[in-house]
Ligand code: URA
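Read the single chain below, which is given as structure tokens and is the form predicted on its own.
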Amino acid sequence: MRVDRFLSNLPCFNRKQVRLLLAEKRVRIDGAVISDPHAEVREFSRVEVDSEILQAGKPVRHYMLHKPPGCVSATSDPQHPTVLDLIHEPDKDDLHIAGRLDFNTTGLMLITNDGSWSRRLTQPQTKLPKVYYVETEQLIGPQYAQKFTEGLYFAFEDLTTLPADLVVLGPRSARLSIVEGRYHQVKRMFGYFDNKVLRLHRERMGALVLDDSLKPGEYRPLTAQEIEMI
């Protein structure tokens, strides 16, 4: 929300007073003096006028989780454990998942209370690469990489997938980088060749790499540098 609207919505100020407060540089957001009426006020922002706190703000939280298999990417589920069941933090009901994984898919999962940050991470126009380690039932032939680069037609969505990069690591293993997050996309891509995915593990999202010190089910806060990577 714009700071002028935020202040005008408070019972103690009218629009004329808000313009004057900004012009006289009596408003601070997160400690910085603000005169621009378009400056953004978020739920995490600390807003002050003449050193009076109008909104204390709440801490932004970002966590990296090593998702284990057999765990639902949801905030609640009546039958199965969820990834949030693995998070032991206060006010965890404020948290949400940024980029889901299938029930038995493992690897990097990001959990936050910052909706703007998670939208940057997951919105299609960002084209953030997601990198997966894949093991399959059948041999991975040389034609896979070419077809994945060309794109595959998904009839259900009536679309062709964006180019994906496949690096074959062994007869039945590969590393795949995609910039979309279609429903069961990786499994459906290999399914084009009637090749079942036996193991799927997300290693990276953009520049964020799963911390190899995290065991399945473990998590840690992101560093300031990692947060800025998105």
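Residue positions are given as counts along the sequence shown, with the first one as 1. Only a predicted model underlies this, so the values are computations on that prediction, with no experimental measurement involved.
The protein also exists as the form predicted in complex with this ligand; that form is not presented, and the subsequent description refers to it.
Visitor: In the model of the complex, which of 144 to 152, 97 to 105, 77 to 85, 113 to 121 comes within 4.5 Å of this ligand (heavy atoms)?
Guide: So the stretch in question is 97 to 105.
Visitor: Does any part of Val47 reach within 4.5 Å of this ligand in the model of the complex? Heavy atoms only, please.
Guide: It does not: once this ligand is placed as it appears in the model of the complex, Val47 has no heavy atom within 4.5 Å of it.
Visitor: Applying a 4.5 Å heavy atom distance criterion, does Leu200 contact this ligand in the model of the complex?
Guide: Within the cut-off, so yes.
Visitor: Can Lys187 be called a contact residue for this ligand in the model of the complex at 4.5 Å between heavy atoms?
Guide: Judged by the heavy-atom cut-off of 4.5 Å, Lys187 is in contact with this ligand in the model of the complex.
Visitor: Taking this ligand in the model of the complex, which residues along 124 to 146 bring a heavy atom to within 4.5 Å of it?
Guide: Residue within 4.5 Å: Tyr132 only.
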